[in-house]
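Okay, here we've got a single chain as structure tokens, the form predicted on its own, with questions on binding and movement later.
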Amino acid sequence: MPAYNLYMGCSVPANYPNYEASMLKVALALGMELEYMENVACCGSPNLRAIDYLGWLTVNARTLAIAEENGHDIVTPCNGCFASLKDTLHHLKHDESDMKKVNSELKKLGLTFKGTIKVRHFIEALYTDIGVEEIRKKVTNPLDGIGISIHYGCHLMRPADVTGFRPEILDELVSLTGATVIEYPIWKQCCGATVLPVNEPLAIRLARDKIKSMKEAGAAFAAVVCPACGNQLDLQQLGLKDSYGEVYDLPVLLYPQILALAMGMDESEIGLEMNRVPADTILDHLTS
């Protein structure tokens, strides 16, 4: 049974128990041991990074150093946390000067960053450590080919040489549930979540463009793996009627919710009722 340091970040436990519940259910069924990290801080993405780069590096290096002490790689369900930890790991392993500065601060806490562990998104761990074929064996209630468009999220994919994430990973993981992945023109575009605090009209337009593109391509549902992206694409639909006079009714599901349903789990176990745009219509597309 593979074991991991589970770094939840702030957003998932505070706002998205449906993400946490579905992830834990799926992990348990697939034999993944997720050990909650204790005494760790917020990753600071993107705000701390913008105002105090060295402080941001130090906060994330502390989390990495804590994980190094028990020898397990870090897994996180949050794109922002993934990007912060992965970028910190990459930067410090390539910048000796900053690594010395960070370790000087960590020494006061009895910690040392060495750069000996990996950071992975939960879906990466599913794909690389469990594998598509093993997951497929657990799919007992597949979807009937219903069209699902994927929003991967900026922080999962950029910069590519740091994150190392291939979008094909999520394509395969969605497909093995029995769904059909629906491609759409602006799949790389930001959802606008991080723009929201500084330019709300622009953030709403970005979300609207994304949802509209998915819907016009033929998607019946959207899949996400980031709490901020999920919130943005789900929540903003409620206001699009006022802003644009448009109604899309595109349910936005977290990938572990989709996989859990395809594995035969009950909707009550994965918080399906918490989705703002009603998502229970996904149940009509389960084949058994």
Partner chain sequence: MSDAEEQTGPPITLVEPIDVSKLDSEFRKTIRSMPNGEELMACFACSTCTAACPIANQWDYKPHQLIRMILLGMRDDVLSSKEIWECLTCFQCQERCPQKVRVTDIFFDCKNLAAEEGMIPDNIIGLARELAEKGQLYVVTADWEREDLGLEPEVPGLSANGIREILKTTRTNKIVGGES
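Numbering follows the first chain given and starts at 1. For clarity, every value in this text was computed on a predicted model and none was experimentally measured.
This next part talks about the form predicted in complex with its partner chain, which is not shown.
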{"query": "Residue among G218, G71, G110, P197 with a heavy atom within 4.5 Å of its partner chain in the predicted bound form", "finding": "P197"}
{"query": "Heavy atom within 4.5 Å of its partner chain in the predicted bound form - residue from V59, M32, A262, A65", "finding": "V59"}
{"query": "Its partner chain in the predicted bound form reached by all of A125, D129 and G131, non-hydrogen atom within 4.5 Å", "finding": "no"}
{"query": "Region of this chain that lies against its partner chain in the predicted bound form, out of 151-159, 173-181, 113-121, 137-145 [heavy atom, 4.5 Å]", "finding": "151-159"}
{"query": "Touches its partner chain in the predicted bound form: K188 (any heavy atom, 4.5 Å)", "finding": "yes"}
{"query": "4.5 Å heavy atom contact, A279 and its partner chain in the predicted bound form", "finding": "no"}
{"query": "Contact of K212 with its partner chain in the predicted bound form (heavy atom, 4.5 Å)", "finding": "no"}
{"query": "Proximity of I51 to its partner chain in the predicted bound form, heavy atoms at 4.5 Å", "finding": "yes"}
{"query": "Those residues of 26-44 which, in the predicted bound form, come within 4.5 Å of its partner chain by heavy atom", "finding": "Y36, M37, E38, N39, V40, A41, C42, G44"}
